[in-house]
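One chain comes next, on its own, written out as structure tokens in the form predicted on its own.
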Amino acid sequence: MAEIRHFLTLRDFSPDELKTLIQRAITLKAAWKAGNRDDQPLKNQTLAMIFEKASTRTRVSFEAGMTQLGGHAMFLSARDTQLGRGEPIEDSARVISSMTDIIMIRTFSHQTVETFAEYSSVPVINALTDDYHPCQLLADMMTYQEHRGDIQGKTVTYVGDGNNMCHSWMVAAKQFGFHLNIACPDAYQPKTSLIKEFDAHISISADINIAAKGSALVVTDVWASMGQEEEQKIREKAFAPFQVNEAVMALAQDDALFMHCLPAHREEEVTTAVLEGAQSVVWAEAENRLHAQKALLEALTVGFVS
């Protein structure tokens, strides 16, 4: 029996595997755009989608992706399952994995997906936790590859909270071979353990102008993530100097791109002029969640396809 592989962070795949995955995603996208509907490698397979957090892009992309691959996606909310009534994660993992072929989980604690994967008999995908959002980075890397080519050796600037997106960009810096500048208030830096782990691949600054200078890509995220709404006013004050606007983008390279995982709060973390501007690739980035995750689903169930 083949070893079960999970995708909980970008660390779970080697750099070469990640590059293969991105290229496969681009191939799958091109085939779909060309009208090829016959290739269905996941025919008769079922994806269990467990959601403990609200979602737009994650649910639509995974559900549509399974359909396009010939499989079926099953939506499971905590409100409608025994997980929401306190059933141990270990028990749910054993049962759900015995009836499905692959599982994705969008939840709060990263420990939840780690425990679920430990007891699951099928691959488990982290579709977002409080610590990481690796599926978003697959779409982001795919988008950069499509628009500018290989990101290796480039400088990327992440602006904002040291949250799950920031953590994922830190892992990506090592796996894809670029340098990450992080611009954030001192009180909102990423986890200390990750700063130590990725020290050779990152630089942290409390000055957005220093961080953005000469960057090939500028990325940001909302100032208050899900579950932090009560901190909105406090965060607005702390992050006010960290808005990505046209002046910030002017400090980056002339052909620099702008990305945002969405949803965006216009005129907060990013101005409408930048979000809708010529350097923005946020809509392509959002669509690429679909195709990057199709490649991921295929890799975990069927195997990597060159």
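Here the structure is a predicted model, which means the values were calculated and not measured. Note that residue numbering follows the sequence shown and begins at 1.
The same protein also has a form predicted in complex with a small molecule, omitted here; what follows describes it.
_Let me test this: is every residue among Leu128, Asp221 and Ser225 within 4.5 Å of the small molecule in the predicted bound form, going by heavy atom positions?_
Looking in the predicted bound form, the three residues Leu128, Asp221 and Ser225 all sit within 4.5 Å of the small molecule (heavy atoms).
*Could you tell me which stretch in 274-282, 259-267, 246-254, 32-40 has residues with non-hydrogen atoms within 4.5 Å of the small molecule in the predicted bound form?*
Selected stretch: 259-267.
*Should Asn164 be counted as a contact of the small molecule in the predicted bound form, where contact means heavy atoms within 4.5 Å?*
Contact check for Asn164: yes, within 4.5 Å of the small molecule in the predicted bound form.
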